[in-house]
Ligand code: BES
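Here we start with a single chain on its own, the form predicted alone, put down as structure tokens.
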């Protein structure tokens, strides 16, 4: 716990250039820690400046590649944290801090298990820990082909996922892909008086809201022509396993405070959550948003969007499709501009019958005493598809995070009993 506290203390926020030195310092610290129990490490530079921590330990005919990330989400809004986000704090059976679960806490139990097995490993274990997962894995993606020989493996172990029931382990069998963008609608050269100019000058805020409203039809289905052309339907056995995932409308309401009525009407929670694509508005910014009234027509309006991709959708093609669609919706007199965009990664599908999945399943049964759940997760780990292709490894995704851990939100935490279950699973996996 003392060393995990040191790990959490680094403000390794990859999305904010102000913290680039913190990311580098964190990578150096992590490399030194791994060296302390016999891992041969090196820091691999990336074009974006966040180094990748690479290491090897053990020997044998088989190889397991461990992927994780040392970067974290920004902590804002700071005022909603009960304690300092970069000071690991324990209370009521949980540890709190940014990265306590995602991914420093979960990565930590894997590292501790490999440390415990260091003298008895039956295979070679390779570490690949990056510093930009939370901002698109841009640097690692650009160097993957150049380190191909270093990361060849049979199994790719990723402990950056979760379960819906803390009594049961879970195998994540799929992840949606992702791309994201920020659009801006530009209107008058300055904010205008809404009385003098209302009804004459086009309003960027009003235009943007209307444009965003065209992204979905009345049934919640994405309304962009051609958007679903390359979407692959889930296999029957995949959907059957996914539908066993024990989440009801009432349970979802208890976890989130809202009923699961988003997305396409008439589709199950499992299908909407793990297999279908989405377009979500992540944030809106325009005009006067502070206290009190300010009667203006704002000069600009911005929206941040994320697009979750179904299996076989191409991120670049989908991003271009969405961008062109929105551009065509721009009213006369206003200008459409892309502030930022990223086609981060494809969706991942794990083969149900692979030996790597069987190995993880057995380790989960031994460590928890029960059959695991199978999850098709709606979230994304952008680099995993490329990583599996370059390494040749079959991915295995096992995690012990819970919804109440509040990852990406204020007061992120990790339940200590869940950390313990993760450690016991990893011990069995490498036993």
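Residue numbers count along the first chain shown, from 1. These numbers were taken from a predicted model, which means no experiment stands behind them.
FYI, the form predicted together with the ligand isn't displayed, but the following is about it.
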**Study point:** Every residue of 9, 104 and 405 near the ligand in the predicted bound form, heavy atom within 4.5 Å
**Key:** no
Study note, to complete from the structure: As a check of understanding, the residue in 155, 161, 313, 205 with any heavy atom within 4.5 Å of the ligand in the predicted bound form should be identified as 161
Point to revise | The single option of 141, 278, 300, 73 touching the ligand in the predicted bound form, heavy atom within 4.5 Å | key: 73
Check your understanding: Would residue 238 sit within 4.5 Å of the ligand in the predicted bound form, counting heavy atoms only?
Key -> no
Point to revise | the ligand contact in the predicted bound form: residue 381, any heavy atom under 4.5 Å | key: yes
Check your understanding: Can you check whether residue 308 is within 4.5 Å of the ligand in the predicted bound form, heavy atom basis?
Key -> yes
Practice item. Considering only heavy atoms, tell me if residue 178 and the ligand come within 4.5 Å of each other in the predicted bound form. Key: yes
Exercise for review: Using a 4.5 Å heavy atom cut-off, indicate which stretch of 74-82, 132-140, 240-248, 218-226 touches the ligand in the predicted bound form.
Suggested key: 132-140
